[in-house]
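What follows is a single chain, given as structure tokens, in the form predicted alone.
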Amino acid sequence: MRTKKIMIHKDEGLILSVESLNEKLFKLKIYSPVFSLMAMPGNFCHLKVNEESFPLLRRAFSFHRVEKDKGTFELLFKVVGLGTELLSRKNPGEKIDLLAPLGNFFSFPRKDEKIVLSAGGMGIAPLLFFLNYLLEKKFNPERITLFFGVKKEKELILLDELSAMRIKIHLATEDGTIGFKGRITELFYQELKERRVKLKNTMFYACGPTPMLKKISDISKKHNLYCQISLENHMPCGIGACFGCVVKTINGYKRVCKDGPVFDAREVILD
């Protein structure tokens, strides 16, 4: 698997904005020239959400957007508990304790390869960074296909930006309010079986909730797809010390924060 690891640093970032995208979804923009320069698609950042000792554990978020020339990066997150609730209340001008860049990152396709990406819900976060990175490297957008699925239409985000990339986009909503009615994996497999998704000379990537990634993993094993998936496990320490985020693989248990979060979909065993 063509992934690499890079050095980890600890630093303070400056919060530039906290933007509410809907009732639960937020985008955090941070000024950090060091981390914006080092971050690669697939890496994640570990944040200390409160200056006090509670909550004790940091929170992990994939790099969502990086502007190296401006020294900034963005994180996309959903409020699901106390930690993310505190993060959503941050104000511009506040400092925030950062540990990054963590984990490995996606391997990159050759210019003659096609790319198929599958995003489920918040799984679009690292894949947007990956898409922007590829386009900055002059990868042909006509060779890129994105499958993007959510539960209902109002959860679809970034569509204007994605459309402007001139890539091929397939949408799915579980309630059928827009695009294919059903899960994104169902649409992906349908396109695969009907041979509209080509296997030859193609790299596959996916990020989303575990049930989605399990299905992607099963499809990859069945059709021997070279597919990289980014896992979204909780990561208590973020540096591989606590073994609190292990995933079973054909080569034994691996730490998502240290050995991942990017894995070959054919190697992981998801329950």
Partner chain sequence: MIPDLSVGIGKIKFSNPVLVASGTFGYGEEYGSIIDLNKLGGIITKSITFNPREGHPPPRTCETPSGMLNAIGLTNVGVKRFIKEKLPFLRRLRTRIIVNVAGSTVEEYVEVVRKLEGKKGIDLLEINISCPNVKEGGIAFGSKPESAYKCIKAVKENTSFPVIAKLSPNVSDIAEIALVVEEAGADAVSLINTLVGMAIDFENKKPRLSNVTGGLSGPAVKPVALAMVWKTAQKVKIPIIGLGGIMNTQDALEFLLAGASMIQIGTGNFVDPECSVKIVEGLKKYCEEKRIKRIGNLVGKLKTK
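Note that the coordinates shown come from a computational prediction; the quantities given were computed from them, not determined experimentally. Residue numbers count along the first chain shown, from 1.
What follows is about the form predicted in complex with its partner chain, which we do not show.
Between the options K48, R65, H223, K27, the residue in contact with its partner chain in the predicted complex by a heavy atom within 4.5 angstroms is K48. Contact with its partner chain in the predicted complex, defined as a heavy atom within 4.5 Å, is made by all three of H234, G240 and R255. At a distance threshold of 4.5 angstroms between non-hydrogen atoms, G244 is in contact with its partner chain in the predicted complex. Contact annotation: K215 falls outside 4.5 Å of its partner chain in the predicted complex, judged by heavy atom distances. Although the partner is absent here, P33 lies well away from its partner chain in the predicted complex, with no heavy atom inside 4.5 Å. Among heavy atoms of L56, some come within 4.5 Å of its partner chain in the predicted complex. In plain terms, the part of the chain that comes close to its partner chain in the predicted complex, with a heavy atom within 4.5 Å, is 57 to 65 out of 57 to 65, 224 to 232, 205 to 213, 33 to 41.
Within 4.5 angstroms of its partner chain in the predicted complex, the stretch 93 to 110 places a non-hydrogen atom from L99 alone.
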